[in-house]
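Read the single chain below, which is given as structure tokens and is the form predicted on its own.
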């Protein structure tokens, strides 16, 4: 059954909430059990969105198992919070969204999917072919698609290499605005500016501001954002969502992860 109310998209694209934080969970980098523990720690710290996917080593099995483990973990905490007057169960009802590398990394258990075009790829596979392959599955599974333009910025990292992207360079201010306008004219819900997993530097603030000034689309920024001070600069430049991935994977201890992300988010919105 197709989601007619599109509540997940409405939640993600609600720009009145200010800048919010999300995480990427890569199923190829951790077991489903560890992914669930990290997700619970992140949500406890104030994370409002969980993306699952991203790696070229993901497949339908590890993606599905990871999403199921995260959902089950959050459901248990949600139930526990409903029994505790000091806790709000709504704080734990966080969307879990597919962030796929391709059509072979999907799961019907997700709340939605970022149905994306890698706008600066030089390979038709990432512009339209993977989307054509995945669309029938998405429709049959009833996964809510949230359309997204995805632009990889310098340094780009592995994502830029795999996606064969013509990287958006820090000085290409007008080009950033053009990507934003193009995404809007295509009818996309969101624009994601990505510096690459583990990038030494985040997306240039001038690029973010240029994209923000050009469109009212929900603007997501990720890559190279490793502390709250940097996140605040990205937020001030115009990001609606700030995404972290590698930072989450550094912590084996869930309590340490929760503490770090709590400080990160506090500084981001302060």
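Being a predicted model, the structure only gives us computed values, none of them experimental. Numbering follows the first chain given and starts at 1.
The next section is about a form of this same protein that is not shown, the form predicted together with a small molecule.
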I need the one stretch from 26-34, 60-68, 204-212, 222-230 whose residues put non-hydrogen atoms within 4.5 angstroms of the small molecule in the predicted bound form. 222-230
If you check 235, 243, 217, 41 against the small molecule in the predicted bound form, which one has a heavy atom within 4.5 Å? 243
Could you spot which one of 107, 114, 197, 101 gets a heavy atom to within 4.5 Å of the small molecule in the predicted bound form? 197
